[in-house]
Every structure is written in structure tokens, then in C-alpha cells.
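Presented below, as C-alpha cells, is a lone chain in the form predicted on its own.
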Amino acid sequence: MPRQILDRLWERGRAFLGTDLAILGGAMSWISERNLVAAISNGGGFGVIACGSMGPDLLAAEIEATKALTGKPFGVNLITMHPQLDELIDVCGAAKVSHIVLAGGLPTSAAIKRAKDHGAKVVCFAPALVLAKKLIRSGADALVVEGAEAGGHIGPVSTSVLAQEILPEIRDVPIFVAGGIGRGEAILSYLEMGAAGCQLGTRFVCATECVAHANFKKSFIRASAREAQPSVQIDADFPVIPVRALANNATKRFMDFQQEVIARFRKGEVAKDAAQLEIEHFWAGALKRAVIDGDVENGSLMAGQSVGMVTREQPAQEIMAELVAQAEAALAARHGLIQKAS
């Protein structure tokens, strides 16, 4: 009975994704590639390739390699600021990718239309209610509401607040909640609030199928929630989009680097635009350094606050089975209490 209730709660999400479970894999650069994406999809969830800075040829090859590993549905996450966004959308269209996720900024109506013209369902990130409504008017087929507890680039508002703000107001399209989700009980709570499903990233980093370096995975297993901290901006004149990651030498170096660059600007040694660009480029290559090379002291350890719930390496299918079992147990306990009270 609990599974029947759960399936009813996320039926809209399952139908939209074409999956057994309405669990989206968060698109994480260098991590969400063919092996993890296929494992999530084969396990009943919905894997999503992180295109990141890939060019069209590389993305086309990654899509084909993923298809060789799974016959289940999966999607592709494209960064809206990518200089070749139109070409990347066309690559997804040519490969008959069923779902395109547009992230990293507010996509244009033209980009959404281009993806839909290829027959893809378009998923967009909505950081506020007013933007959620705008995206739906622009043609988005589904939305992801991601709070500040997430790993990587984050906004200022928590998942629980965004969910309360947006879920009761939007019924036009399915909404998936993300950010700080690590257990099935949390998934259940958002489903009961009206979500169609949830997106998880950090929880899958230590999947057996994930290609991340052993050092990177060990950092996650050892970490607590409080160690996943947002980067700090030291000068209001030099805005920095915060990135949540595990604190390490690179985190401290970023603070010093900001001070050094700003000091050079104050002395007239560098123009403001150039100084801002230097700061933004600090993290270039840092994630790869940690994920692929295993340099967990000087690379970027992007992680959400749910990292404290990552306790061991296990297959992606087992992770999702655990999440489902936790949600079912919560439903069973609630049903038992109701029966007892009556």
C-alpha cells in the first residue's frame, strides 16, 4: 500500500519523465557523464548529462555513448550562457534527446522554442515565483525549484522556502524540487506539497558507477553538512556568484585571490572588467582537478549540504531503492498511526 500511495503522489513526474521513479539526477560537470547517467536511468530514475563547456561534437559523442549503455530515457543539461547553445540544442535534436534542461541563467523564449521544435520537452530552473510564471509563458514544460542547500552555483533562498512560495501557486507544469535532499522522507514531504518529483545530485557522487576519483568520493563520505559552505564575496563592487563546496585550501586561496586582484585594481594596475574576469576565472579547471585528478586540496569540492548523508559508496540503483524504502516507511508509519487512532 505505501508504494501505491507513493506512485500516486509522483505519478505526474513519472509520466513526464517516462520513468519508474520521479527522481532526476542533478547535472554535475565531470560527474554526470555516460556511466552515472546510464546507471541512474537503468535504476529507474532519470539521468541527465551535464554538457557544461562541451562543444557540439563532444556532446554528440557523449549522447551516443550514453545510448549504448541504456535504452531508458535520459536528458541533457545545457548552460544557457554557452556561446554555442543553439548548436548544442540542435545536437540534442538530431540525437532525439527526449528532455533538454536549460540551466545557468534564464533561457530566452527563442532557446526554449528551438528545443521544443526538435520535439524535446524543456525543463528550466525557477529561482522565484515571478520567474516561474515567466518561464511557463515562454514555453517551459517543467520546472526545477532548487534552493541554496544545493552544491555548485547557488541562489540566496532555501529549498523549503522556495517550495512553499512556488508549489501552491503553479499547477500548469510539473515541478521538481532540488537542493539539500538526501532521504526519502524529504522527497515524500515535497511530493505531498505538490511537487511532481525531486532532483538529487550530491547523493549520487558516491555511486559505484560514478567516475569521480576515489579521493573525491572519500571527501564526501567524511564530510558533514556544515563543511559544505558557500564561497564568500569580499567586496560589494566585485560581485561573485556563490558556489557551495567543501572547504579546503582552494577555498582559502579564493579569498586571498580576490583581495590581490582588487588591490591591483585600486592601484590602477588592472581595469575593473578585467579584474572581475580574473576573479570569475579562478575556478576554471578547479572542479576537474578534484573530480578527475583527485587533488582534493587545491581543486573544487562542489557539494550540497546533503553531503552529510553520504556515508558509503554504493550502486545508483541501491541509492534510489533506499530513498524509495525511506519514503514508503514514512508512509507506512503514518498509516499505522491513523489506524491506531481510529
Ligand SMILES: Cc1cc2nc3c(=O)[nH]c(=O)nc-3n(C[C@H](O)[C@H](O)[C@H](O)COP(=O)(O)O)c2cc1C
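For every residue, the number given is its place in the sequence shown, counted from 1. Just so we're clear, the structure is a prediction, and the values are computed from it rather than from any experiment.
This protein has a second form, the form predicted in complex with this ligand, left out of what is shown; the following refers to that one.
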item	value
Contact residue in the model of the complex, chosen from G184, P174, G75, G201 - any heavy atom within 4.5 Å of this ligand	G201
In the model of the complex, the one of T70, N35, Q317, S29 near this ligand [non-hydrogen atom within 4.5 angstroms]	S29
Per-stretch contact check against this ligand in the model of the complex, the hit in 150 to 158, 85 to 93, 266 to 274, 234 to 242 (non-hydrogen atom, 4.5 angstroms)	150 to 158
This ligand in the model of the complex: contacted by all of G47, V211 and V310, heavy atom 4.5 Å	no
Non-hydrogen atom contact G179 with this ligand in the model of the complex at 4.5 angstroms	yes
Close approach of M302 to this ligand in the model of the complex, 4.5 Å, heavy atom	yes
4.5 angstroms heavy atom contact with this ligand in the model of the complex for T66	no
Distance check, A195 to this ligand in the model of the complex, heavy atom within 4.5 Å	no
Sequence-ordered list of residues in 131 to 146 near this ligand in the model of the complex, where near means a heavy atom within 4.5 Å	E146
